[in-house]
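Take a look at this single chain in structure tokens; it is the form predicted on its own.
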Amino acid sequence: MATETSLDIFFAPEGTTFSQFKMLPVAADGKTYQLRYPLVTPEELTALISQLQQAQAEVLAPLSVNDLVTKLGKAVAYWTDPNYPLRQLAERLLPAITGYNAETVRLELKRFVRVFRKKELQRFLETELDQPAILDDFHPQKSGQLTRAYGPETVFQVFSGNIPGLQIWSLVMTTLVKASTLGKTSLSEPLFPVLFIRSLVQVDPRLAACFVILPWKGGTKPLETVAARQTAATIVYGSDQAVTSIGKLVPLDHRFLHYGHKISFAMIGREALTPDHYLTTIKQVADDITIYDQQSCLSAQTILVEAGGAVTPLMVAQLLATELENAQLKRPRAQLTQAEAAALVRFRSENDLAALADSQIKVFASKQSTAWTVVYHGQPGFAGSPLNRTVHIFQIPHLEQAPTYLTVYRPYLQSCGLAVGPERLLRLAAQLGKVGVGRICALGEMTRAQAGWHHDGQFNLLDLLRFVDIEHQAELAAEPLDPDVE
């Protein structure tokens, strides 16, 4: 008989009380974990935001940015140890909560947390701020003035639940600008942010008290109204519907950053399809599709394959189908919801009918399941997919023609996994940037954005900051008022 263990999937400062709780049972490793979270009220949320404001003033504001990097780096260092109890807990529970393959979760978490080690955070700060210490005090600028940067005192963050661990990206960024955080998690993945803050408790309990992490049902207007209006800034990750819904609640004079629906794709040049390279290229594309079942906005939904290589675009589709079948045997796709399963069945039916009418369309699909689907198009084009290891492959004569088919999708373009030789890399990158692509990366690395990347083409820190300048004339005018000046 399975034993039961209670685990909190929320975080609030020590001494916080709630009037009512709910349990979410999850089975893992022969145990039933009762995941406990509060049914928070607007009044309780108001009190928590007040605590966050006080903690920001007393703890975060006085800390130097270097101290913050050191403390965050220590918390992250725990997660680089495979024997760290919280990491082991995450590796046990996240596959059960999300449905993702356990080995995928283990490998991807290990890779992801390393992005936030101390040295990476230092690189990240230097990327966006020539003088990170302007977050601490006024510093001289080349133009003559003294400048200081201020982040928002409190931030309301709405996290999506599609990718385990991704929430700490935003948690770390807002902490570096000295903002306390009210984080709303999804019950699809409510665990990792809480475990990460528990790591911060081990480093500095007072710093950890600058965070509140709570799950509640998205669209709960009384809670989201309080959260958006009583904090200084709001950041939303999720669907366009979630962005629009919460955006309406944010006061006009508050900062509002949002990251909604995006589409990523890959482009494979003929030089990546030579006898020496094509097998590696196909395996890398398969990784980009199978990791977290394309649920990341960084995952490829369409692949543009250039004609003229030793391996034809049609052969690429066939080889990719084989790789996806192998991946299903080694790391099976997560179980689908009824809506997701219906979308895949509908997608296959539509493309099977299209293939009957057009000999240049071919559908390669897993047998007796919807585990994976590859749709080959003999003509250039571009399309989104219903995800869950479902991808389009379009043949294109020359990759330089790609912008013609991308322009209409400009508002939604995110990343491009690009496999071409060095003589074409910058030229194609410039064309892609012009039509809205914000990130160009290697195949096999599409779901692993590096520290310092410009999310959706924006800054991560600068967009949260406001700057105050003391003009040089003000300095000069102050000097004669010093009683010690003769």
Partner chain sequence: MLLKQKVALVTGSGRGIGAAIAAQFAQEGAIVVVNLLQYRERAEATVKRIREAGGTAIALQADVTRADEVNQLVKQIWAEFSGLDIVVNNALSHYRFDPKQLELLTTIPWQSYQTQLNGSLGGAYNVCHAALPVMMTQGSGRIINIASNLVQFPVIPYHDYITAKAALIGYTRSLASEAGAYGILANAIAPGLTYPTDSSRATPEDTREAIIKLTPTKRLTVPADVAGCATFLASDLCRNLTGQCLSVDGGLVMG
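Numbering follows the first chain given and starts at 1. Here the structure is a predicted model, which means the values were calculated and not measured.
Missing here is the form predicted in complex with the partner chain; even so, the following discussion is about that form.
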If you check in the predicted complex, is residue 311 within 4.5 Å of the partner chain, heavy atoms only?
yes
Taking 4.5 angstroms as the cut-off for heavy atoms, does residue 307 touch the partner chain in the predicted complex?
no
So in the predicted complex, does residue 274 come within 4.5 Å of the partner chain, heavy atom to heavy atom?
no
Please check if residue 315 has a heavy atom lying within 4.5 Å of any heavy atom of the partner chain in the predicted complex.
yes
With the partner chain left out of view, choose which of 364, 150, 112, 412 has a non-hydrogen atom within 4.5 angstroms of it in the predicted complex.
364
The partner chain: the contacting residue among 77, 201, 86, 319 in the predicted complex [heavy atom, 4.5 Å]:
319
So which stretch, 402-410, 178-186, 364-372, 205-213, is the one near the partner chain in the predicted complex (non-hydrogen atoms, 4.5 Å)?
364-372
Let me know which residues along 256-280 have a heavy atom within 4.5 Å of the partner chain in the predicted complex, or say none if there are none.
278, 279
